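Encoded as structure tokens, the following chain is the form predicted alone, with no partner shown.
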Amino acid sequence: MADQKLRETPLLDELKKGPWPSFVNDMKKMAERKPMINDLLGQLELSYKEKKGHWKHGGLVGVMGYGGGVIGRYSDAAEQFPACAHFHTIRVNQPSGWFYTSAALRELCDIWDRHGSGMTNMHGSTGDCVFLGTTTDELEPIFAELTAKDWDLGGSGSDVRTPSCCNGMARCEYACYDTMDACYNFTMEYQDELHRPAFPYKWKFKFSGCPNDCVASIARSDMSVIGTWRDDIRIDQAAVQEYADSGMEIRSDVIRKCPTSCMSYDGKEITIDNKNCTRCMHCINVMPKALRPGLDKGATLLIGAKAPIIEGALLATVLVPFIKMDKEDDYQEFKDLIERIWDFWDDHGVNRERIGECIERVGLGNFLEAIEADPLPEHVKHPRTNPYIFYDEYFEEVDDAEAEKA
């Protein structure tokens, strides 16, 4: 690096001002020993000046035997910035819950420093540990070193993306199932689907332990698994009194903020109409010593969320209101459902169409029939605004009434 002068970046230098840490400072420090980062700064400065990007996204790059895990990226200004002519991104499958030891982090950084730019993203939107910037000839050596240390690549392209989860029972008393076990189990179960793209488009699993949904699975995953319970919220009335004695305004801070008004407080005790509870978690979050999730725990499965890349953003739709997430049966009921959904998607999905978009196109009713799922009231998107909802009981009542008239 001694023979290459550091790039002048007056526009980027503006981002170093202010009280907050700047990525420009970190990149300039790295540029002193990495020509790739020095040229990356030069290209970024050019993009700021011209107000346009200079990356050519895509292209087929990968490692032997894998179709995913590497995202090809090339510069269209390679003559000016030859050291970053190739700038491929590598996704490394992260540990469940993002638990690393310091030794593991050091191991990853040492591998990346030998073969890439040294710049990382902890973590990408999919959840992976992301290595930013390397050349094509370094891909196989990186892959060999990672796998020799028992690391694996994550997903990219039209495959199962790296499943991710909250840290669940490891740190959170609200977790209704073991998210880390489920995430690891599904990662191992679907290794072929993760590494060899064969779907119409990407598929994401995200596991949240409770309705707080700390990994935002309801907005970011094709299959969202959110912990819940189906019995009553547990109430410790003595703890309720302690909150009142400490000055908490229970009526204004808790009762009146219940979205379905299913709670009441008589000045001494809280009562809850649990049938009308929507699991918003506000009361439990505000009074964690007095209120806790019920004991009959499991998860709600939701399907079809996506970000607004091609079409608009979609939030996930309830598919299975409650399912037990038992380790003992290896989540078999859930996996059987996944297989039926993928069969449907293989038959009816079109290129670069997420499962949520596919369901929107063919209709939820047709989708449910194809995957052999019974329609439920929870499948109705707007239950109080749609008059075209009929149930078998409704027809039976009408038939009985007409029979009586006859």
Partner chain sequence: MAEPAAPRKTDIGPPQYDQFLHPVIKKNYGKWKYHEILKPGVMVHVSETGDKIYSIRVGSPRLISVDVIRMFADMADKYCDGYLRFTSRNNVEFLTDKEGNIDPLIKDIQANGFPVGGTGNSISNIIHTQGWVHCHSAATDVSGVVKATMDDLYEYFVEMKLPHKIKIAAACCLNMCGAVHCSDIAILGIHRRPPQIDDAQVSNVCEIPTTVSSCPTAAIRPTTVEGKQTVKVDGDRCMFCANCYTVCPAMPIADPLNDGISIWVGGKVSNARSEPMFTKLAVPFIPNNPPRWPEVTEAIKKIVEVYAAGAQRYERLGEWIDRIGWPQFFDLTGFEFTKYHIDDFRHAGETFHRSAQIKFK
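Numbering follows the first chain given and starts at 1. Please read all numbers here as calculations on a predicted model, not as lab measurements.
Omitted from view is the form predicted in complex with its partner chain, to which the following refers.
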(message) Can you tell me whether R73 touches its partner chain? I mean in the predicted bound form, with a 4.5 angstroms heavy atom cut-off.
(response) yes
(request) Evaluate G267 for contact with its partner chain in the predicted bound form, applying a 4.5 angstroms cut-off between non-hydrogen atoms, and reply yes or no. (result) no
(message) Can you work out whether N167 and its partner chain are in contact in the predicted bound form, taking contact to mean some heavy atom pair no more than 4.5 Å apart?
(response) yes
(message) Can you tell me whether G124 touches its partner chain? I mean in the predicted bound form, with a 4.5 angstroms heavy atom cut-off.
(response) yes
(message) Quick check on this chain: which one of E328, E79, D137, D245 has a heavy atom within 4.5 Å of its partner chain in the predicted bound form?
(response) D137
(request) Note which of E333, E173, D273, D231 lies within 4.5 Å of its partner chain in the predicted bound form, where distance is taken over heavy atoms; exactly one does. (result) E173
(message) Do any residues of 96 to 126 have a non-hydrogen atom within 4.5 angstroms of its partner chain in the predicted bound form? If so, which ones, in sequence order?
(response) S96, G97, W98, F99, Y100, T101, S102, A104, L105, R106, C109, D110, W112, D113, G118, M119, T120, N121, M122, H123, G124, S125
